[in-house]
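Let's start with one chain on its own, the form predicted alone, as structure tokens.
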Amino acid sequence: MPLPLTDRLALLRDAFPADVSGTVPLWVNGEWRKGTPGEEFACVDPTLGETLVPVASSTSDDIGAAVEAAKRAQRAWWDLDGQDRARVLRGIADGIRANAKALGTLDTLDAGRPIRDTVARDTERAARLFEFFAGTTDRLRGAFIPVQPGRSNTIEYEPIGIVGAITPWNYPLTNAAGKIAPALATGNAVILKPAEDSPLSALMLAWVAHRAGLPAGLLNVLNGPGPRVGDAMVRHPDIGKITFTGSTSVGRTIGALAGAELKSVTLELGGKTGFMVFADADLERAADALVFSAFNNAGQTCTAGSRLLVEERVAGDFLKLVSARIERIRIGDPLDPETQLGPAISSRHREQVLARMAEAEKAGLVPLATSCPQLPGHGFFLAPTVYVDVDPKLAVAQEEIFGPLVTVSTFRDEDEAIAIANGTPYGLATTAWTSDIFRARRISRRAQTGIVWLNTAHSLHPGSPYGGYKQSGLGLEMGEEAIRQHMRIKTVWSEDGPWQSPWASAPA
């Protein structure tokens, strides 16, 4: 049985650093800001399907106040010595670790991620993001450019000013940290809009950052719906960059708006990872990786291994291994440390995934027979589902579904595997399992994706750039590559002596 709603509310109140007996507030200019009465939305616990607490929704006045606070704070932040900024960022990392239980509990309550992941893996990854970018603050170096005699030219990097960050609901804390840390490291202020379905940990992260010494105004958190708050952020003339993670369809809209405003944009969008398994692979390890990749976080991961491509002659054996592992998945209340698979984020999203499954079965697809653990009779849970013998050109194998659903297609040789893996509009990640190191290298060269995992799955590091090709987005997150995307380049020219006009030596 899941923990009752009253106990879940008690956990929320204990974890959250502000009074949530009424409405969860906004965070503007280093303090909690009450929302406008009547402008709220519900924070729903997806495990029970019941409202936890109302959350304040930002208005135009709130957005204006956040922008003004960010403008006041940003210049002084950039003027600090880089090591002083680094000290604050490392303090934020320490604060995340000190508050790991509370931050993880919030993500488990409003996003449904298992607490075994949120309290340990997610908080540690968030802390390491701040630590990595703290190490870049005094390495924001320009360059001296050799030019014609008598003149000097240097390149200088400057912050954009205010970065508008829009995050999705699937990994609330780490998504927020991945956008905030590089922006602050490069001297910018941040206005963050977390997803409506999972705003709590982002708000607490802002509080943690303030307590760690981040000056007021440098990080503001505005709750609310994308069509209102996100749209206003993209259009605001004082917000110089937008960084967005979410669906490709919304990314196109944001990209078009940012283009009209001629402002910088980073878009980390959808994916449809091809997970290739060759006959010479370690099938046991590959099966472990596939089940984790596909069903971790209820399949709500842009790099989920949602397309299994398996060599024809071992397909039957491999699917038996996959089926056995699905039967051992522990499904239940994500507050239970034993739970591996929690609910989908919302009733709406659950219905969307179920509709896609119904379409697949109407098209004649057959699920892999498994004795999957029984789903709870409450909340927004979905059963791990694997469809076999799928034509790779079918919509279910082409479109991102963002749920615990895997399609299985077979291939005869390496060329066919690569063709199928590359044969979608997306280009975020490719996974390949093989013992042939030469084949692995060929795959890494031929894969039309920004990330390639060879005999591993979901390996990430703050120092490694993250981004995709094709419809999976524009720009990169993490790594030193993210640094340049949060800065402007200025070229500075000077003369070694008195300047003379070229006209002065023109022939008569």
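It should be emphasised that the depicted structure is a prediction, and the values quoted were computed from it without experimental measurement. One rule holds for the numbers: they count along the sequence shown, beginning at 1.
This protein has a second form, the form predicted in complex with ligand NAD, left out of what is shown; the following refers to that one.
- Closest heavy atom of G270 to ligand NAD in the model of the complex, within 4.5 Å or not? Within the cut-off, so yes.
- Should G150 be counted as a contact of ligand NAD in the model of the complex, where contact means heavy atoms within 4.5 Å? So G150 does not count as contacting ligand NAD.
- Message: With the partner left out here, check for me: in the model of the complex, does some heavy atom of K193 sit within 4.5 Å of ligand NAD?
- Response: Yes, K193 is a contact residue.
- Partner proximity in the model of the complex: S347 to ligand NAD, non-hydrogen atom cutoff 4.5 Å: Contact check for S347: no, nothing within 4.5 Å of ligand NAD in the model of the complex.
- When ligand NAD is placed as it is in the model of the complex, which of 97 to 105, 239 to 247, 323 to 331, 120 to 128 ends up with heavy atoms within 4.5 Å of it? Single hit among the candidates: 239 to 247.
- in the model of the complex, the residue from T186, S306, N170, T434 that sits within 4.5 Å of ligand NAD by heavy atoms: Exactly one residue meets the criterion: N170.
- Which of these residues, G259, P337, P146, P227, gets a heavy atom within 4.5 Å of ligand NAD in the model of the complex? It is P227 that has a heavy atom within 4.5 Å of the partner.
- Task: Pull the contact list for 296 to 323: residues with a heavy atom within 4.5 Å of ligand NAD in the model of the complex, in sequence order.
- Result: Read in sequence order, the lone residue that approaches ligand NAD (within 4.5 Å, in the model of the complex) is C302.
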